[in-house]
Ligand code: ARG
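Okay, so here's just one chain, in structure tokens, the form predicted alone.
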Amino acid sequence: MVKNKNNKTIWGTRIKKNTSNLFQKIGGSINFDKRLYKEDITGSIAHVEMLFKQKIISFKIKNKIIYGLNKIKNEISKNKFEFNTKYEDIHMNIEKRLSQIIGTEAGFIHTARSRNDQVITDFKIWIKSSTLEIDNYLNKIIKSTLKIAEKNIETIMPGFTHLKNAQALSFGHYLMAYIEMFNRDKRRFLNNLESLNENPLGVSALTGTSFNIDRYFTTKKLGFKNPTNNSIDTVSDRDFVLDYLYSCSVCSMHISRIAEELIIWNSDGFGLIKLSDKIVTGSSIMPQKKNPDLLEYLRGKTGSIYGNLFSMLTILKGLPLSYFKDLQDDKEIVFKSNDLLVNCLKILDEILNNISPNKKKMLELASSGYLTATDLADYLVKNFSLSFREAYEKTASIVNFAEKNKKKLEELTIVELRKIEPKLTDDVLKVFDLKNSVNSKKSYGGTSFENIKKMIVKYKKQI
């Protein structure tokens, strides 16, 4: 809280008694919103340039304020600035220091604006920057995944439904499924930039201002597309915060899904991948253990990010218009989700660069569970003009026969197959080859090697 020459808080003329220590402790936000200092100074410089352009302040005052703000920015960046909890938030800490540098003329900085529009402007600028940072980390994840996929186009493994062996596919194709998820995350975050592109600065506390300001000037200066349309909505709107938190939540859910996948594959029951010693931990009592703790960390942190989204939804659900102290929590909530997500993206990229597939075990598992049964049903449809349901029944009978005789489908003889479908010839035996099965899925988006190669080329160009 900035004090005037009478050593009172900025609202001390109206409020007669000193603020309680408890309220000062819970009312301040400087401990977390100080990370908005760059955005706050950028917004203030644009604001005073507009005030001068509109002849609301003089050239001399404008220059003194901008000089002081740049000096403060330099002090903070060099860790020479003392943040004081008495001054409540980043805005008042900067304004207090500005008055120390240039004197009473610092008071002109707050002409025609409120902390209500000031903080939303800062916050939107910060979220725009954070969104682009997350987009860069997602690009790294996609590149690392593409690298593994390209090396494993012809690595055959089982695809699962209900965690049961379903059909054979390429390990590369499996990984490409996560690229689709992370690409959707990229689009989701980048789509949010549109709603972030409205400039709040100039609506003041909630009604606008009587000063002859130019909001289009600050809009252009700060990189927004348009000024906001309604002053009341502007100071109470946190939809852009929800959009950001939702995007973080969905992205963390995708991270959790691949983490769970890799945990299962790394388990002794599956053994489909190996984790480098760089990304595992040991046990305090069992000397042999190598635990996938980093993957479990990724899976666990999703709950925290979900919680932040629900916290913000709960805060907003009961708020009438316009500004309330409840809204101050938005920054801390967003910062927590941002920091968690960025950390998880870094960790996932490190993990992806330190895993290796057990190709032999993948092929062995793909050879169990009658994975080519659907291929056989399709073969019957294409070659004998059966309906799929008829072909399905005949194939199920063949699978039952193989299971009863403890044989794999590829181990059945043509004589045994003809007992169920007399029309079959030796040509059917190629249907049971796993590589042929994978390569037969040539429909767009399918798992054939040629399809995967094309998709890898496509995504490399996009990145």
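Bear in mind the structure is a predicted one, so any value in this text is a computation, not a measurement. Each residue number is its position in the shown sequence, starting from 1.
Form predicted together with the named molecule: not shown, discussed below.
Proximity to the named molecule in the predicted complex, taken as heavy atoms within 4.5 Å, picks out 108-116 from the listed stretches 160-168, 177-185, 108-116, 340-348. At a distance threshold of 4.5 angstroms between non-hydrogen atoms, D33 is in contact with the named molecule in the predicted complex. Contact annotation: K331 falls within 4.5 Å of the named molecule in the predicted complex, judged by heavy atom distances.
Heavy atoms of S29 reach within 4.5 Å of the named molecule in the predicted complex, making it an interface residue. In the predicted complex, H91 approaches the named molecule with a heavy atom inside 4.5 Å. Proximity to the named molecule in the predicted complex, defined as a heavy atom within 4.5 Å, holds among W126, F240, W265, Y323 only for Y323.
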